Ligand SMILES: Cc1cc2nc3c(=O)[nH]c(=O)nc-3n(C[C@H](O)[C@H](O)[C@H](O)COP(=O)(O)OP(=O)(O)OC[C@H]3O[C@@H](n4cnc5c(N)ncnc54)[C@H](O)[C@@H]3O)c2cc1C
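Heads up, the chain below is alone and in the form predicted alone; it's given as C-alpha cells.
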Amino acid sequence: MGNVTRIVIIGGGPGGYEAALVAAQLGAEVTVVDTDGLGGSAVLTDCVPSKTLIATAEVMTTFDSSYEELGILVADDTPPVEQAARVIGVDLGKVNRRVKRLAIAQSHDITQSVTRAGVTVLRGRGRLGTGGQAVDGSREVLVDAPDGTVQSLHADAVLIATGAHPRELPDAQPDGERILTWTQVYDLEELPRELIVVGSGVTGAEFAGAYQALGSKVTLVSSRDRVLPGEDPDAAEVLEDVFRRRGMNVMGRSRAESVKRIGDRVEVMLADGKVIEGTHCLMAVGSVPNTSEMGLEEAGVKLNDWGQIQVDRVSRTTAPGVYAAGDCTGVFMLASVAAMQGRIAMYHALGDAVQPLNLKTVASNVFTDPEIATVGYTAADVECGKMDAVVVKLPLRGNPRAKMQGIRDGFVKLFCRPGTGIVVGGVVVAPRASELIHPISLAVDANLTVEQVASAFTVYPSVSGSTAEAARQLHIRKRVDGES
C-alpha cells in the first residue's frame, strides 16, 4: 500500500477518536467524519451518561443500606419506620441535566484533544465510494453533509467505527415518553413510579438496579433462567439475590412479545399470555450495528448475518485498506476494546509495531450494585474443558474492610493453571469492583503466578486483601493437589 499518509475515519466514538490520535501522532493526515459529536454513543448516550446516573444511585444505595448500622443520624423529620418511607429521595430532572452536561463536556474535551493533534473533523455521514480501490491503493469516501452537499475524500486507509444503536422490537416501538430505549431515558424529568425493564443483559441489569436504587418500583423481565446470562454464574446469582432482597420483581423465563402504551400506563404482553402493567417500560434487548447504506458490501467488506463487520485481530476487514473497530464489529462491545481496535488498526495501517488484539486480557465490568468485574478465562471455559484451571472463591463477608463498610455481598474468584499456578482469570463482585479487578488484570496480562500475586503487599485493612488471600489459597491447593 506504500507510505500511508491519508487516513479517513468514519465515526467519532472511542474506536474512531483514539485511532485518530494515534494516526496523527504517527504523522498521518487524518480526517474524522462524525454525525453527532466526538465520543459517540459511549460518551453521549451510553457509557458516560449511564454511569453518571448510576453514580447517584450508588450513593443512595450505600446510604440507604448502611446508615443505621454505621451509626449515622438523619434529620428529625425522618419518616417513622412503620411508614416504610425512604430517608432520601432524588430529583431525576436535576440528575439527568447533570448527566447531559457531563456528556457534552466530555465530548468537548475529546474534540479539543483531537483537533489540537491536527485532526480535521467533518460533520456528516460517511460512506465508501462506489469506485472501489484505485490503482494507487486509495479509496474514495463520500461525506453527506447536514446541508445536503456531498464532499469527496480520498484515503490510503479507511477505518469504519460507526458503533451501534438500540434494537427495537416491531411490537414495542419506543415513543420517548413511556416506552423508552436507553438513549431516551435522560429526557425524563420525573422518576418512573413503576418501571418495567425488558432484557436482563448488562444494560437491562444496570438500569434496573439504578432505577430501583433511585426509588422506582422495578420489574425486570428476563427471557433466560437468570439475570446476566453471559456473566459468571456465581456473580449473577449474588446480583439476582440482591435485586430480590431490595424489592425488585425479577421475572425469569419470561419473554416479552409486545409493549403498548395506554394513556399514562404501559402494558407488556408476555409470551405466556400474562400482562404486566407499569408507568414506563425500558427496552434493553440488544443493539444493531450502524453498517447499513454505507456501501460496505459493494466495496468488498464482509458482514455477518447480524450486519456486523468481520475483522481479524489487527482490525482488517475483507476489503484491502479498510479497517473496522468498535460495536459495529461485534467483537466485544466495550469502549475499551473499541479504542484498542482503533489504535491497532492505525499501527497496522501505518506500518508501526503492532500486537494483535487478545480478548483474554480484556477486563470488563457490570456497573450494578454490587459491581461485577471479570478478566481472562471464565467458569464456563473451565466447565467446558477449554481451560484446565484450579478455582478459589473467597466471600467478602470475612474481609475486615468489608465488615467496616457494611459490605455483605460479593466475592473474589481466581483461576490458575494447576501445574504452573499462572493466573488465567478472575471475577470480583463488590462495590467498585471495576477498580479492584486491575491487579488481577495485570496478573493475567503478565502471566503472573499465584505465588507472585500472594507475595505482593496489600494494605491492611483493604478489600483488595481478599485477592492476595485467594492467591494464597490457590497456592496451598496447587501444592496439595500436586502432592496427592
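All figures in this text were calculated on a predicted structure; none of them were measured in a lab. We number the residues from 1 along the sequence you see.
Unshown form predicted together with the ligand; subsequent notes refer to it.
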- Message: Under a 4.5 angstroms heavy atom criterion, identify the one residue in V119, L396, M294, M248 near the ligand in the predicted complex.
- Response: M294
- Stretch in contact in the predicted complex with the ligand, which is absent here, among 238-246, 129-137, 319-327, 372-380 (heavy atoms within 4.5 Å): 319-327
- Heavy atom of F411 within 4.5 Å of the ligand in the predicted complex: no
- G163: touches the ligand in the predicted complex, heavy atom cutoff 4.5 angstroms: yes
- the ligand contact at L334 in the predicted complex, heavy atom, 4.5 Å: yes
- Query: With the cut-off set at 4.5 Å between non-hydrogen atoms, does T31 touch the ligand in the predicted complex?
  - Reply: no
- Query: Along 136-152, which positions have a non-hydrogen atom within 4.5 Å of the ligand in the predicted complex?
  - Reply: none
